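The chain below stands alone and is given in structure tokens; this is the form predicted alone.
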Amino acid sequence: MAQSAQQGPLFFREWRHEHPVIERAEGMYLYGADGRRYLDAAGGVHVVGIGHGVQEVVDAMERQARKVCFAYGGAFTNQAQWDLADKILALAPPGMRKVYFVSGGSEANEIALTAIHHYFVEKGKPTKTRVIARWQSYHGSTVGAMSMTGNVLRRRDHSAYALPFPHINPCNCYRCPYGSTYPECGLACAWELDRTIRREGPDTIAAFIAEPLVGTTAGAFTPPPGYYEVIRQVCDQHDVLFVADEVITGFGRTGQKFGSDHWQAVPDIITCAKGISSGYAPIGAVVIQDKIWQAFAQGPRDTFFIGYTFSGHPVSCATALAVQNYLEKHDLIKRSAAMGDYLKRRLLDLAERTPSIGEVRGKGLMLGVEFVRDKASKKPFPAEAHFAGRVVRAALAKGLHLIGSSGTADGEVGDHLLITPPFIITEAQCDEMVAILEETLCEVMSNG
């Protein structure tokens, strides 16, 4: 049983495709209304970490809903909000001081943008208003977040509203934009931030935002050692804030508490969402360093006038707290690292015997598979081939849920998968996933 936008009242983002109706989910699997079972290799959309249908999380949702389902954040607070903030700060890197809750990742990056401006106004530097981001990044669908986004295909429909934010090259060692290799490259892609700040004017640049590993739009681009250390040095030199967009990478997805923990470079601001609640409730957060809070607290104003109706929603906060307690209780962040190592080895083995896989990359259970038409030249498939989309649809027909995207090579062409299963995945399920993917690739390649 599947539904399309032509059949009913819903307006899907891809209205020409049919969408199977999911009736229930348990552990690693989604179950359709027609009885079909799908192995969830994408954690929904890089969201689900603890698995589907965990009863103790559902119980926590019910308990909170019975106590108080909603209280307006402009007038009240709630205990679940305080407890979750304490939990997040205990997980966060050193120096993080305050948490501001929102409903999702786009909202988190919008709030971060506003907080950055507020910070520099309080510091007497109101001309520092612009944010530098990277090409092929994704930071959300709202106007400010899309302005920071560097994915050409996603920006296209929003270009009329985009803010004039500069972008630099991504860190993509597989297709180095400088034609070099690590470490001989000298981390040129990181030092490009310094050149861009100087060219644009340090008095106009407020922040640099980056996903520790680039997510859906680039298939887990992974910087080498030293990259973020250079970024941190450059930001400090020019009084520019470093924002880590951890909407996907946060809360264990990469095998660490936060993706930025893989480098010795603590951000000034962390934005996060998806993994906080493992998809059991909508929630996101902005986590700020003490220096930013001190600028707010010591300034003449006592209001940060921006927010959303559901900021600090009691049921969402209680749900997310139960998820974080479950992660800790079952040591699932460590499991993400271990199972990620196993799955990456299996995918690398698949790449050895599959001509269409150019690279496997990533950390923990955030793994990218980049497709190529020719391995030797790294030539991508043409955009009109819609290779990743065909792989995703063919895999779904075989009972495997994957997320793919295009524009991997240069923003226009290139295809990849971003594989992000729940942390509870077993070796047998990894093997099942890889077997279905291999069968799918053979089928798609044979069909031209």
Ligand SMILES: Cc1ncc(COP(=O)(O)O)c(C=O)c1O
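Everything numeric here is computed off the predicted structure, so don't read it as measured data. Numbering starts at 1 and runs along the sequence shown.
In what follows, reference is made to the form predicted together with the ligand, a form of this protein that is not presented.
- Query: Which of these residues, I248, I231, I205, A115, gets a heavy atom within 4.5 Å of the ligand in the predicted bound form?
  - Reply: For this set of options, the contacting one is I248.
- Message: By the heavy atom within 4.5 Å rule, which residue out of Y138, F258, F221, F371 makes contact with the ligand in the predicted bound form?
- Response: So the residue touching the ligand in the predicted bound form, by this definition, is Y138.
- With the partner left out of view, is G144 within 4.5 angstroms of the ligand in the predicted bound form by any non-hydrogen atom? Outside the cut-off, so no.
- Does the ligand get within 4.5 angstroms of any non-hydrogen atom of G279 in the predicted bound form? Because no heavy atom of G279 falls inside 4.5 Å of the ligand in the predicted bound form, the answer is no.
- Query: Quick one: is H313 in contact with the ligand in the predicted bound form, heavy atoms, 4.5 Å cut-off?
  - Reply: Outside the cut-off, so no.
- Query: So in the predicted bound form, does G104 come within 4.5 Å of the ligand, heavy atom to heavy atom?
  - Reply: Answer yes; at least one heavy atom of G104 falls within 4.5 Å of the ligand in the predicted bound form.
- Based on heavy atom distances of at most 4.5 Å to the ligand in the predicted bound form, which listed stretch, 373-381, 240-248, 119-127, 189-197, is the contact stretch? The contacting stretch is 240-248.
- Message: Checking a candidate spot here: are N109, T216 and K274 all in contact with the ligand in the predicted bound form (at least one heavy atom each within 4.5 Å)?
- Response: Result yes, every residue of the spot touches the ligand.
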